[in-house]
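Form predicted on its own, single chain, as structure tokens, below.
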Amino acid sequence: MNFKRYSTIYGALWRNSVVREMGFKSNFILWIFVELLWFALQLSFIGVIYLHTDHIGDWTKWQVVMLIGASHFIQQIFQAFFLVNCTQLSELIRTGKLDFMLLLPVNTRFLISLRQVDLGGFVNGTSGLAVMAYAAKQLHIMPGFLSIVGFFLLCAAGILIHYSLMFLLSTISFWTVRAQGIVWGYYNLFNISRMPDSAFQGFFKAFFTFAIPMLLVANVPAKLIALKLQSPWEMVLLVATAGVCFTLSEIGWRFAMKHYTSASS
């Protein structure tokens, strides 16, 4: 792909998103408030749990708070870039708009995946970072530059996992017309990533680490900042899983496109 050309296209998509969001300012502000309220409720729930215990697995209260902040940040940035676009694929197929996109001189997956940006996700994502910073202060942790850079790179790998798996599930729309239930079902599993991996054992831990890698996505970046990484192989596993998930989503996308006969057929 021509980087400069696609950067220009993406800039135009951003401008369109800003214009759309500013056209409904009250909705924009209300949605931010709702997300912040939901985040506050999750933190309150953890506070209640730690009134009755000192640890969840081997995680202390403020370590779990840091994990929740990291999970919230990853979820909101994913939501900002990809959530709306993935959930709308079935509508593009049903209404025939995908046919129009296929005629455009631009990579179709690029356009489908990035054509809308949820600006509220960036605002809400900062609240996750703020909570992490406060938790680090309570834990007397001062992350170095490399740790911070590593954290954001690992977050990017986690976001890529979420995007790849949700996009792969969205391609089911080519055969079922509507797949929002499956896609939103996956999105609801995000709550698992807010829990410490040591709270899971046996089959469930293996399933949510390798089959649906929810525990990897937030736990590994949070562990890096909280100084809980037991081995660098956890980071390698996260990055490798991101690569595998993206490859599978690309294979699924190409397979679906080969069997697509357009809405008018």
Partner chain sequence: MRKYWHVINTGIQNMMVYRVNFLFRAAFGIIPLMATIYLWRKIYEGKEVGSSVAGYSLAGMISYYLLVTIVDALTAVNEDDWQIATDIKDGNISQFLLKPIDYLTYRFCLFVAGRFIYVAVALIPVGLFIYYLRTFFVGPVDLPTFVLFLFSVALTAVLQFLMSFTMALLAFWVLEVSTFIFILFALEYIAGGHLFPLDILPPVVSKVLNFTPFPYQLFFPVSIYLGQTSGSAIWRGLIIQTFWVVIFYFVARFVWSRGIKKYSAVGG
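Numbering follows the first chain given and starts at 1. Source: prediction; values computed, not measured.
One more form of this protein should be noted, the form predicted in complex with the partner chain, which is absent from this view; the next part is about it.
Engineer: Mind checking whether each of Tyr6, Thr247 and Lys258 has a heavy atom within 4.5 Å of the partner chain in the predicted complex?
Structural biologist: The answer is no: none of the three residues contacts the partner (heavy atom, 4.5 Å cut-off).
Engineer: Heavy atom within 4.5 Å of the partner chain in the predicted complex: which of Leu227, Val236, Ile49, Ala206 fits that? Just give me the one.
Structural biologist: Contact residue from the list: Ile49.
Engineer: Using a 4.5 Å heavy atom cut-off, indicate which stretch of 178-186, 78-86, 127-135, 155-163 touches the partner chain in the predicted complex.
Structural biologist: In the other structure, the partner sits against 178-186.
Engineer: How about Phe210 - does it come within 4.5 Å of the partner chain in the predicted complex, if we only consider non-hydrogen atoms?
Structural biologist: Taking the distances in the predicted complex, the answer for Phe210 is no, it never comes within 4.5 Å of the partner chain.
Engineer: Is Met195 one of the residues lying within 4.5 Å of the partner chain in the predicted complex, judged by heavy atom distances?
Structural biologist: Looking in the predicted complex, residue contacts with the partner chain include Met195, since a heavy atom lies within 4.5 Å.
Engineer: Even though the partner chain is not shown here, does Phe200 get within 4.5 Å of it in the predicted complex, heavy atoms only?
Structural biologist: Contact check for Phe200: yes, within 4.5 Å of the partner chain in the predicted complex.
Engineer: Can you tell me if Trp62 lies within 4.5 angstroms of the partner chain in the predicted complex, counting non-hydrogen atoms only?
Structural biologist: Looking in the predicted complex, residue contacts with the partner chain do not include Trp62, since no heavy atom lies within 4.5 Å.
Engineer: Check each residue of 49-86 against the partner chain in the predicted complex and list those with a heavy atom within 4.5 Å, in sequence order.
Structural biologist: Residues within 4.5 Å: Ile49, Leu51, His52, Thr53, His55, Ile56, Gly57.
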